[in-house]
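Next up: the same protein chain in two forms, each one alone, written as structure tokens (structure 1, then structure 2).
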Structure 1
């Protein structure tokens, strides 16, 4: 089967989102073990991944070095994380495959995702990113045109636009690479946000795109059989934190949608993941799964995790 795996932060950072080089390498090496098993099982794999803590670090560097080096915009920061995470996955996944006696080409593609410059998200930035700062320092950055919000006792935090992904570019390239036997790493961090001008040209824009929503767009355009969102929990939960808490296993898209409407899922955490798998199945996809990284083989088979399948399946 052709499978798109979206790796969450826990597959790429240490505890608490520690994005040091060593923590990233260690987490990615661990993540590549179940991925290698999936490849050995004969599945065709496309990988995409988040980058929140990594972009956060780059923004701090931008800011602290601004007196010496011109800061780069957010789209550039996203690009930077695609390459560092991409080549670290290449090294770790080829090592995991080698230990299983398997060799596969692993292509890491710098990937752009088109957003609409008129997306309302640009007028009302809501996605918190980077480190907390005291009010006075935040005010200086607000004076430079950035948006910052008072986040309570931890201080102020920058908020940026998180527009809806419309199209992931170079899908035909990815598809050709998968067909020819490659593992493809693409659209990391939701893709580098670009907007299309009236004349058809593309330019980078200051935004970050939710990686799970991009995964849906990518899964649909790649026509994968399974979209699997790998995270740090085995199942989506309802009534979380109450005595009635229960894990969702096989569930219909209609029922999952009802839970979402009832406000069961956090807007910054499980909410986008649930929207992503609903978007895939409602758009004609066969099977979408949310589960933990160590159980992705069973998740792909549809026997573990929170699994939504199309009525046709």
Structure 2
């Protein structure tokens, strides 16, 4: 099968969110072991990934250097982290495959995602990113055109737009690579946010795109059979934190949507993942799964995790 796997940020960092170079390399190497098993089993794999900790590191560098050099815009931050994480996955996955006696081409693409410049998210930025700062330090960045909010005792925090992804560019190139036997790594961090001008030209914009929602757009464009979102839990839970808490296993799209409408899933955590798998299945995808990285093989097979099947499957 053709499978798109979206790796969460926890697959890219060490314990406690340690984002040192060494911890990232070790975490990515561990993540690539089950991915290599899927490839050996004959699946065509496309990977996408988060980049929150890595962009966070760049934002700290922006803050510390703001009095010396202009901050790097978010579209540049996403491009830089895509390339860094992409080549790290390439190295780690190549090593995992070689240990299994398999040679496979792996292509990491710096990928743009189109958003609508008239998306309401740009008029009211709400997505918090980066760390908290005291007012006087936040002011340096406000002077560079950034949006910051007073969050009370914790300090000030930057907020940015998080628009809806419309189109992932260069899908034809990705499809050709997959068809030729390559593993493709693309649209990391939701893709570099770009907007189209009236004359058709593209420009980067200050925004972050939810990587799970982009994964749905990419999965549908590539006509994959299975979309799997790998996270740090084995199943989606309802009534989380209560004595009635229970894991969702095989579930219909209708039932999962009802839970979402009932407010079961947080907008900053499981909510976008649930929206992503519902969007994929409702758009014609065969199977969508949310589960832990160590069980992705069972998830792809549909026997583990929170699994939503197409009504036609």
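Only a predicted model underlies this, so the values are computations on that prediction, with no experimental measurement involved. In this text, rigid core is short for the largest set of C-alphas that superpose within 1.5 Å between two forms. Positions refer to the first chain, counted from 1.
Q: Assuming the other structure does not fit, state which one is the form predicted alone.
A: Here the form predicted alone corresponds to structure 2.
Q: Using a rigid core alignment, state whether the CA of residue 69 is displaced by 2 Å or more between structures 1 and 2.
A: Comparing forms between structures 1 and 2, the residue 69 CA shifts at least 2 Å.
Q: Rigid core superposed, CA of residue 138 - does it shift 2 Å or more between structures 1 and 2?
A: After core superposition, the displacement of the residue 138 C-alpha between structures 1 and 2 reaches the 2 Å mark, so yes.
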